[in-house]
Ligand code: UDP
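Next comes just one chain, in structure tokens: the form predicted on its own.
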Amino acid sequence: MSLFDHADLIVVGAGLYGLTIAERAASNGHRVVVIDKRPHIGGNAFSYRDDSTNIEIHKYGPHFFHTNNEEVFTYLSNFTDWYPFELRVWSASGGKIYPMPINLGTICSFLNRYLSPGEARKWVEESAKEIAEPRNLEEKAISLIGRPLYEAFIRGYTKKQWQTDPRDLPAETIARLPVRFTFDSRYFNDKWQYMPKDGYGALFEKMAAHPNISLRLNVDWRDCRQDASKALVVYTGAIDGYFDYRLGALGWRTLDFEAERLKGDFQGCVTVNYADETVPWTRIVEYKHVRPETVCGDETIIMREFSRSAGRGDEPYYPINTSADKNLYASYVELARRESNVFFGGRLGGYSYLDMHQVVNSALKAFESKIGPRLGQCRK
């Protein structure tokens, strides 16, 4: 018997995009099989509770839900209760600590004097005049925020994140660098900023709990794709991998994590970015500060994060998106159009950086406009 017997829809990848598609299809009466090569659902947003501390650990790096999209917030609220959480991030630079993103507090601390909003804006504008026609990422950043802030907060972090000198990265890598001329230190501005009350793991389990959904974990698509000819497929893995890298490999960044269990409080906040090039990690996350009232005992768990180029055996996280990558992705899109029964989506399938709310929104729209109508036709 085939793994996909009686399935109307096969979803490859049990991340947020795949689970949203699966839940919508199941709720509309379709039989769905979801497979994932990992032993858990949730993709890179998967989380679990540490047994001894009750700290919610985000296995693949921190995920903080935020959105201005009421439809997305209402949809996910079907599967979780929430607790309010506004992320505040700090940046370590030159032996000092500053609030991020760059705001009036950052600028005043950096210059070691109080500036009014108007004075701070004028200082940034004067600093940014150095570059009129930026040719690379470094010059683009300087043209937006000026060299002093760029050198302190952007250059080293960017070099570590991309393992490339910013002067060798294209200017279009960054569209803007937000600067707030107020003391608002929240990382996001969105109307809804929350965390799932029982954790992301519980949220994903409820999304996948519909009786029309069959989960198959520890299953690699490459080992069973020959059995999938009779059903529609939603593929959320890397698009170049689907085609066995026929046209070449797209550029991706991947992440490595180094966890450490310690006593007490390590850094006093959730996230500290490390802007200095001499520090090998890009940031440290201390998860107990997300919801400290639920933590048991006096232990803490920190996670150092390192960025590097992804090889074919690595988990891809961020598309590099050079001009060559964009051209190669366009060629893969042409191949994808010839796959009459396969839809590609999500971060990896669409080769695009998306926040969680954008992933859910794109999945809801794709189901409404393409996948749902196609399933309806198949049923007829």
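Each form is matched to the other, and the largest set of C-alpha atoms that superpose within 1.5 Å is called the rigid core. Because the structure is predicted, anything quoted here is derived from the model rather than measured. Note that residue numbering begins at 1 and tracks the sequence as displayed.
A second form of this protein, the form predicted in complex with uridine-5'-diphosphate, is not displayed here; the remarks below concern that form.
When uridine-5'-diphosphate is considered in the predicted complex, only one residue from Ser185, Asn212, Thr173, Ser143 comes within 4.5 Å through any heavy atom, namely Thr173.
Here is the short version: of Ser307, Gln267, Asn136, Asn273, the single residue with a heavy atom within 4.5 Å of uridine-5'-diphosphate in the predicted complex is Asn273. None of 121 to 129, 193 to 201, 176 to 184, 75 to 83 except one has non-hydrogen atoms within 4.5 angstroms of uridine-5'-diphosphate in the predicted complex; the exception is 176 to 184. Remark: Phe343 does not count among the residues lining uridine-5'-diphosphate in the predicted complex, judged by a heavy atom distance of 4.5 Å or less. In the predicted complex, Trp162 approaches uridine-5'-diphosphate with a heavy atom inside 4.5 Å. Within this chain, Tyr318 lines the site of uridine-5'-diphosphate in the predicted complex, having a heavy atom no more than 4.5 Å away. Contact check for Trp252: every heavy atom lies farther than 4.5 Å from uridine-5'-diphosphate in the predicted complex. Of the residues in 98 to 118, only Met100 comes within 4.5 Å of uridine-5'-diphosphate in the predicted complex through at least one heavy atom. Pro292: CA moves less than 2 Å between the shown form and the other one after rigid-core fitting. After superposing the rigid core, the Cα of Val272 is displaced by less than 2 Å between the shown form and the other one.
After superposition on the rigid core, the Cα of Glu172 moves by 2 Å or more between the shown form and the other one. Annotation for the pair Asp325/Thr164: C-alpha atoms approach each other in the predicted complex, by 3 Å or more compared with this form.
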